[in-house]
Ligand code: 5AD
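Only one chain is given next, in structure tokens, and it is the form predicted on its own.
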Amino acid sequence: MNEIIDLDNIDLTKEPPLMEPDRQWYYIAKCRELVKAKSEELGRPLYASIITFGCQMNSRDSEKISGILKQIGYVETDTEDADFILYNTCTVRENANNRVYGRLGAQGRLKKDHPGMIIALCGCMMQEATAVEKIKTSYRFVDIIFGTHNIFKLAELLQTRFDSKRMVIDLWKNTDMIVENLPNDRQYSFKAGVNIMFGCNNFCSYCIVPYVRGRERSRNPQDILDEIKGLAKDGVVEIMLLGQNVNSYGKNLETPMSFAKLLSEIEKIDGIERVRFMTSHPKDLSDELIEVMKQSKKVCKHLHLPIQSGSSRLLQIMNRRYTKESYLELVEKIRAAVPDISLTTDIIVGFPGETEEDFLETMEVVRKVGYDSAFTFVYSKRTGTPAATMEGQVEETVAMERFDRLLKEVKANSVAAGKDEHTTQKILVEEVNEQNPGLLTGRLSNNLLVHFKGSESLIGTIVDVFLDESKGFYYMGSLI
């Protein structure tokens, strides 16, 4: 549970504590004094802007960063012409790195007119030595660089920057440390992400994540349950359990606990109405978990189950540790237990050595499973992974042509499209519709969106909506 400390009661004349998170609360209080003094000097608040790239784990990290900065005294803004700019980076694909370099080029020009600006970089890209070296040499105006393992140290690093006036670099290769109980600023009042584990042990041959996020580290289950109880008291009705591979949760705990058992304990928490989780690795999805999903009244009817390729030959080269056949058997088992489950997936097109026959096997899986939606990617070479040096790199034109065919196949075989049309369903109302402010947007248990007319006061509540018309990957509905 995140507890807010009275910063005025922290004695800054003493040496900083050695233990976490007390040490970081000390530095939050220390930074707050400096920010307050600078704000009074300028006659205005100091503004901070956080730009987040990548996955839900990064979004959750950015909420923590936002919480720390607000405690320090920064006022968050959307503009990048701010006093403190932080880029929380992703490195899953090469274009993610290039986007950061492009933003830094523009930011460097902006900083010349705003000399007091502090620019910080964190996240997965900062765990790559080549990326950090490029920033140190080509973007010398960057002030703070840290990685994925020490997000909690932001206030201490900021204080070091205030004191030294030099570039501060603090990168950890790996750690067993998990530091919670620091402020975080949730994007939504009614739903929240909850980290249950960090890192990954799978080493898929195309993936940089184990190298930048480190080895699997599971949080103590009681800490997770206490955090969720606190969120429920704070009005949260839906939680998303986050981890690179949630199915392997608990294996490294002193007293091992399965992910299925953790879900069963979360189910007992009053106030929480919906539980989501991602991402699930097919090789670790147990019969125990399927049974919990079958019996649960709170676990959402949605499972993200990445296939990556329908070719067993390629799956072996990818080091995925399952076959097309075992994956399809798993899908049958899940659908038998939870008939109304919504299945989504990740698929890579153009992996090194992919032949037309391999690709057609992927298309066959799409037809057999009937995914409700799929995140499809053209293979992106990541330096430092085994796949980057493999022979048989697929030509871009071939990969793009297959990508287009795959998109059409996914859409044509979606089992979600219209299956709940003309039924009444429970919807968690999330926001005013971005395209039409006269509508609200909510989400079904199976993760599909529904747009309907209603009062803004319904946001954050679960309501009954009649699904008038299917539009493929979303519905138009009427409030009951």
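Treat the numbers as computed from the prediction; the structure is a model and nothing was measured. Each residue number is its position in the shown sequence, starting from 1.
The discussion below concerns the form predicted in complex with the named molecule, not included here.
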item: Position in contact with the named molecule when the complex is considered in the predicted bound form, options E332, D163, D81, D346, heavy atoms within 4.5 Å; value: D346
item: Y379, F190, F403, F141 - the one with a heavy atom within 4.5 Å of the named molecule in the predicted bound form; value: Y379
item: Residue contact check: V394 to the named molecule in the predicted bound form, 4.5 Å heavy atom; value: no
item: Contact test in the predicted bound form: Q308 vs the named molecule, heavy atoms, 4.5 Å; value: yes
item: Distance check, V365 to the named molecule in the predicted bound form, heavy atom within 4.5 Å; value: no
item: Contact of L110 with the named molecule in the predicted bound form (heavy atom, 4.5 Å); value: no
item: Option from 247-255, 87-95, 173-181, 395-403 whose residues, in the predicted bound form, bring a heavy atom within 4.5 Å of the named molecule; value: 87-95
item: Within 4.5 Å of the named molecule in the predicted bound form: residues from 190-209 (heavy atom criterion); value: Y206, C207
